[in-house]
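Before any questions on how it binds or moves, here is one chain, the form predicted on its own, in structure tokens.
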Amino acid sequence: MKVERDYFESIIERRGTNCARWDTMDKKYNQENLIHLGVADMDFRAPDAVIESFQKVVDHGIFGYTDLFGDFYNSISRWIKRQHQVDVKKEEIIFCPRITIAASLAIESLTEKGDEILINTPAYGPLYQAIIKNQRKVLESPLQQDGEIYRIDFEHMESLITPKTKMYILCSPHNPVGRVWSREEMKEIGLFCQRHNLLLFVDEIHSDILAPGVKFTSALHFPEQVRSRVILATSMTKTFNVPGVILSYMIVENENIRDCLKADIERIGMNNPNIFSVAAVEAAYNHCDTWYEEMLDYINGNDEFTRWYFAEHFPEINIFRREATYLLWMDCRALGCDDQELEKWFIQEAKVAVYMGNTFGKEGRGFIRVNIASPRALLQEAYERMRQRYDSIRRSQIT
């Protein structure tokens, strides 16, 4: 059944709902008239099938402890098969509330304090912080700009390796730069980890949200000798816009690694999901294929619209090619202002909030990340606000 277009074009008021994207950001900037294009969730209603599954839980009226049974695992296996043409066994799937928790658990369970963990920068903050908060040493390997995309600098990564390097954290697709690592790059990543005996933690939460014509190579496609060192973490919450449900899972083929992670999950008491997460997985992964395809089409349209608008009105801002995610990585360095000046212009003059690139580390200075998963009319209003005040940021650099 076709999803109505206004499903994605309806502007729904999210303020007053304890919303991280709107209420929390209003509080951060002490303003209530901003358009928020920062926090990475969608301004779209979740699919009807998911909402209906929640309503059945509510109508039942008892919200007891929830365990995981066959349909939960079968639903995940079905989706993985649909997306990646890979068969995943039930016992390889480990429930975990959030991917950032999974990363922290993997670091704590599988490495020692003082060990080195490699990550590419600019980096998604919570993955970077998981290394620091667990008292491990961060090895930063900056991604290299190559025209409209970024590439992994394997030579630089080789130069960082020491006997204390134990893990590589890979964001795939990459947040914030929007890269999908090619099959050849993934092969080289696997060989790199084999060569240096590294565990590989892979965050694939954005892997369902691809630009047209882009092929995603999951870590599940690694040969067996590489898969045996992989902890893959993913979720349906980005894809179907239910991040508030707090649900993710790991796929781990190596039984020893799996047992170690499961033991720690049980130790800290996070082995039970909330009652709505089970309903969300079963509904989304089995009954929302049409919503999913039309969501992709709408996001891709927003991407095209944004690129057209910026080329017309903000020629100094360069948008990198988006291969995945609903996030655009933009280079604002040609404006000649520092991050503090740029953020002040966005908040005080344009009345639009974005994620400043320095949130993702020093390699993000001079950049911004913009979330385009909103009704197009809302994006247009935000861009119009920017256009009306754009001369002030440009003029300040000229004078």
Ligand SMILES: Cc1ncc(COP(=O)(O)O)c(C=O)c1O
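Position 1 is the first residue in the sequence shown; the rest follow in order. Source: prediction; values computed, not measured.
What comes next is about the form predicted in complex with the ligand, which is not displayed.
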Check your understanding: Check 84, 93 and 207: does every one of them have a heavy atom within 4.5 Å of the ligand in the model of the complex?
Key -> no
Revision key, fill the gap. Given 312 to 320, 97 to 105, 191 to 199, 135 to 143, the stretch touching the ligand in the model of the complex at heavy atoms within 4.5 Å is 97 to 105
Check your understanding: Looking at 229, 258, 166, 238, which is the one with a non-hydrogen atom within 4.5 Å of the ligand in the model of the complex?
Key -> 238
Exercise for review: Check each of 40, 35, 347, 46 and return the one that places a heavy atom within 4.5 angstroms of the ligand in the model of the complex.
Suggested key: 40
Review point. Does residue 171 reach the ligand in the model of the complex, with heavy atoms at most 4.5 Å apart?
Key: yes
Check your understanding: Is residue 120 close enough to the ligand in the model of the complex to count, meaning some heavy atom within 4.5 Å?
Key -> no
**Study point:** residue 124: touches the ligand in the model of the complex, heavy atom cutoff 4.5 angstroms
**Key:** yes
Check your understanding: Does the 4.5 Å heavy atom contact test between residue 248 and the ligand in the model of the complex come out positive?
Key -> yes
